[in-house]
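One chain comes next, on its own, written out as structure tokens in the form predicted alone.
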């Protein structure tokens, strides 16, 4: 079998997520892999994995999202594939799967929708709503659990997706790296990258695009992961998953639930 038949899925539950929750990232990965096997577009397979993680209350996304300082819940999500499709939502409120809204944005004339406009768009598109009492929160220690994400490969096609509930007790309207192209995620013809951690630090380093440039230079993902982690101070939570035509890898300077699988199709 050639690499053209290779399917790869990596999922992560966020820098600082309990590695014991890798059962959750494994299930999300299995859902994504089944989607790829049935010939679904890579971007849909990536979004399916992230939606599965959004529905797992142990992670800071979807029903597990952290609350803002005023008690509201605002979510950011994004998706991208190697054909240049990109969509994101920021400060979305009241919807179960922010990544689903981001995917619909990616099929529209827009790239990023935020706040009230994003809410209206998601409602108009029939996205499933989420009431405040359906938010379970991610337990007691909110200090580090972060963005959930996925990167996928189907032969020469790549995609990635991210979703987050943001920083616990952040002011309403705060937006991190997730919906910013090239910051939290990036996909191109040579691979895909998804990050997690301190959103402000990740954004300021345009981290995902720079990691993708290492893929373009021919660096093995197993070398890219420690290299990119090295761009951040030990005190700055950071994690990353990478897939390319050479291989795949993931890692974090914190505990992180993550899973990788590959198969020939």
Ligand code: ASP
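What you see is a predicted model; the values in this text were computed from it and never measured. Numbering follows the first chain given and starts at 1.
The following text describes the form predicted in complex with aspartic acid, which does not appear among the structures shown.
Contact with aspartic acid in the predicted complex, judged as any non-hydrogen atom within 4.5 angstroms, is confined among 196 to 204, 214 to 222, 228 to 236, 30 to 38 to 196 to 204. Taken together, 166, 174 and 178 are fully in contact with aspartic acid in the predicted complex: each brings a heavy atom within 4.5 Å. Among residues of the shown chain, residue 78 is not one whose heavy atoms approach aspartic acid to within 4.5 Å in the predicted complex.
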